[in-house]
Every structure is written in structure tokens, then in C-alpha cells.
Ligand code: RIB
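What follows is one chain in C-alpha cells, specifically the form predicted alone.
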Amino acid sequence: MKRVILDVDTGVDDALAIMYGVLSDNLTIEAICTVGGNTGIEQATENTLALLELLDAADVPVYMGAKYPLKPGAHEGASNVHGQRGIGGASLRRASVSARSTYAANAIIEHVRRSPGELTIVTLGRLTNLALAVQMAPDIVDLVQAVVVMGGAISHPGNITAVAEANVYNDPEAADIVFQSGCSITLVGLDVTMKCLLTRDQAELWRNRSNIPGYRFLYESTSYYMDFYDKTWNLGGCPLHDPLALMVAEDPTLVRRSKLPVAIETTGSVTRGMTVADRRVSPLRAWSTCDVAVDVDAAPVLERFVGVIDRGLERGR
């Protein structure tokens, strides 16, 4: 059983990851921290709480975190991708519970210190909360079992700029702090997530079972998300960005990984937010080395994802 802390900016793919984490028999979500990104911090937090309640998992503690990135300048969200409320065309009943009073960065510190060597932190939004936690309590670097980052693009084009992926681009200073911290990092970026597509056919299967609230949410949220990816990337579906990162935390063998020195570009006028891997025979030793997911067989990923969702939702009927 893998014990994880999720750090989310709950848009559509974060919601899919949360559902997978709650319904998987191999994962225990110890806490969820929220950060501004796909949508505003308040909306991301409400989406998280409401989704947990839909899944009968309202006992999972939720902590609100950073509204803005470390460097001044607010990120306005991605309503064109995730919809005005961050969950596409879906609606959720407002949660009857609230986020805990502890600030997310402090909550990360507290949870990690209580369970040294036992927790994996999976970041599915910008890395602001974890960067703040590392700055406030450097000792947690040696207490975290691992950090899995959904972010970056090594060989694949970026999805915000030509070279930058959204989670890193939206707070590259935070990403830089985390990557230089000494944490054991696995980077699950666009190189693999863009290969793992949730298809229209699968969404239609969920639509046919929309009498079950969980399936109705899946269909209504992913349909909006797929529309965006059809218009901008012509994919015929939507990538499982955040679910894949959580699935790699659960089972690292799902992807092929390569140990590479990686640095975060924070200053370039056209490269800000780029995840730069040094793939030379004799790389710069000053750069932090992490496990980079470089390839994936998409079929087993989709099969596992759908299987966990189906078994979990049917079990909870």
C-alpha cells in the first residue's frame, strides 16, 4: 500500500487522479493540498472537497495552499481548458465539509515528520506548496520517501510555450527550489502523458452509465476537456496527465525511466519554465539528477485506469 500526499490544482485531470487514488486498492491518500493553477485556489479547494464527498471519502484531510506563485504576478487559471469551475461541464454539490485550517506547506511538513520515510508526495499542479515546505523545513527532504512531479517536457513540445509545460511554467522558481532540494524526484512529463489518451469511446461508455453519479461526473468533465484537446492538438481524446503521475507513484514500472541531470530555466525570455535535461556523455555534475519518464506503453495504463475506476464505482453503488 503506497501512502501519498497529493498536491493539486483541481481541474479535470486532477479530478481523474483523485478518483483513481481514492478507488485504488493499492493507494492511501494521507492528505490533499491545493494550489492555484488550473483554477483559482478557492475553486480548486471546493472542487477537491466536493469530489471527495461524492466518492464517500470526505475523511481525507484537505489543506488550502498557495494562491499565487513565488514570483509576483497572478496566474489567471485555464478556463479554456478546464471550464469556468475547473471541472469542465460537470457540476458537483457543494461540500458539507471545509478545508482544514492548517496551511498546505505546514501540513506537508507535519505529515512527513509524523511518518518519516513512508510518504510519497505527488505534485499535480505548480510546485509552490512543496517549495515553501522545503524552504521552511529543509529536514523533510531526507524524510520524504519520494516526490513524483507531473510536469515538464524534455523532448516533447511544451503546452504553454514552445518548450515549457504548464505546471513548471506557472512557477519555475518553485520548481527550481524543489529540483535543487535533494529530494528523490521522478519527473512524469509531456513526453509520456501525451501518449496516454482517454478516448471518446470510453467517455461514451461512461455516458451510458450516467445514472451512477461518479460516471456522470466523469463524462461531463472529460467531454469538455476532450473538446479543448481536439481543437488544439487534434488528439481524439484527452491525455491522462495527472492520473499517470499518480499511477507511476503506485507502480514505477508503468514507464521507462532514465536518470538525467535536470535544471529549471527561470530567466530566459523564450525558455522560462523549460525543463532542461543534460543528455551529454559527460553532463554537468552541478545539476540535480532525477528519474525522467521517457517512454510508456499506453494500453496497459488506460486499461489499469479504467479498471480501477470501474471496480471502485461499481463497488460503491
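Throughout, we count residues from 1 along the sequence that is shown. These numbers were taken from a predicted model, which means no experiment stands behind them.
The form predicted in complex with alpha-D-ribofuranose (RIB) is left out here; the points below concern that form.
Although the partner is absent from this view, Met150 contacts alpha-D-ribofuranose (RIB) in the model of the complex, with a non-hydrogen atom inside 4.5 angstroms. Contact check for Asn47: every heavy atom lies farther than 4.5 Å from alpha-D-ribofuranose (RIB) in the model of the complex. alpha-D-ribofuranose (RIB) in the model of the complex comes within 4.5 Å of a heavy atom belonging to Glu165. In the model of the complex, at least one heavy atom of Leu124 sits within 4.5 Å of alpha-D-ribofuranose (RIB). The contact with alpha-D-ribofuranose (RIB) in the model of the complex, taken as any heavy atom within 4.5 Å, belongs to Leu190 out of Val134, Leu190, Met226, Val144. Among Ser181, Gln202, Asn159, Ser115, the residue placing a heavy atom within 4.5 Å of alpha-D-ribofuranose (RIB) in the model of the complex is Asn159. Contact with alpha-D-ribofuranose (RIB), judged by heavy atoms within 4.5 Å in the model of the complex, is confined among 94-102, 241-249, 216-224, 135-143 to 241-249.
Interface residues of 1-18, taken as those with a heavy atom within 4.5 Å of alpha-D-ribofuranose (RIB) in the model of the complex (partner not displayed): Asp9, Asp13, Asp14, in sequence order.
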